[in-house]
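Take a look at this one chain, the form predicted on its own, written out in structure tokens.
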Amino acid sequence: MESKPRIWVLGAGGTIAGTGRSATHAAYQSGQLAADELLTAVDGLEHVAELQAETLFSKGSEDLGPSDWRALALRIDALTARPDVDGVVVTHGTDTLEEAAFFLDLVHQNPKPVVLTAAMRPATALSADGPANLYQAVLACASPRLRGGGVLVTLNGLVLPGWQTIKTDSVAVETFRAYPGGPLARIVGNRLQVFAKPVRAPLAGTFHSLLNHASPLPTVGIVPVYGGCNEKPLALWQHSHGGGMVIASFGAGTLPEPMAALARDMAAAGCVIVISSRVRDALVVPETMTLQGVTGVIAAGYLNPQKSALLLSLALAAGLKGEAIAALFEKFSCIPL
């Protein structure tokens, strides 16, 4: 009889581990249940894999950031290096799930599968989505058909490339989708229907060496534009950036002229500026930017502001400069096939 995959479940808090005062009350507190408690709520997992559970964080993902994801990545590194672990499932909050998945893909190198999942409803809610999502994440992690795709995200019956995952709705359970690509598979019951070949991210594992750096990652601010704004939103960050800034521009890279003028000056002074977009399905290329041709100003491609900030922070931590950083973002300027 073929042995079942051995999968380690890491709990990182979030709504999936949250509890409320009643099954129908909207308010709840995140991260109240340990990872092993989440497993006991899911029938049938014992038929899919041999499981071990460990809780790393017990808070909402609004309180998680690069230092936490670095600790998470280091634990994943240690686990996937073990011969008795075939894959890792991470339960995480939805607020920063897309950033966590993108960060992990940029630093994770081991070919063993890593699958993130979450929930939009707390564990105590009527029709809580967490148990189904956790079951499906374990199913995806155990499947040899999804090997080679790097970090994955599984929610609401879909398996998504982690680096393409974005959150599109603040309350709906079908909030997560892949952009600019699409889902890799659909899960119906205990059936995994794979309809796209898993493909690693353009920069998968590029920054693995930064996991062992003791210093925190450089702070990269995100400045939004809005109708009627001038240079003041950017000026607030002018002297406190960590060597780089991201501007969430209009459309495909347009900026109000007062902000564009200050951005030119900041770039000339050595600040690396990445232009993303406030539009959900962003695509900014050099020729569509107000600041096209300005040295030190980089188009984000299809990376949204929060993913752009993570990539820029990692690039700065690695000691990269203008043209080398621009080459990284260029990897995200073409829609993957």
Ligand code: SIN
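Quick note: we count residues from 1 along the sequence shown, nothing fancier. From a predicted model like this one, the values you see are computed outputs, not experimental measurements.
Heads up, the form predicted together with succinic acid (SIN) isn't pictured, but that's what we're talking about next.
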Here the chain appears without its partner; judged in the predicted complex, the stretch of 66 to 74, 25 to 33, 41 to 49, 300 to 308 with heavy atoms within 4.5 Å of succinic acid (SIN) is 25 to 33
Is it true that Gly60, Asp95 and Ala119, all three, sit within 4.5 Å of succinic acid (SIN) in the predicted complex, judged by heavy atoms? yes
Q.
Using a 4.5 angstroms cut-off on non-hydrogen atoms, would Ser313 count as touching succinic acid (SIN) in the predicted complex?
A. no
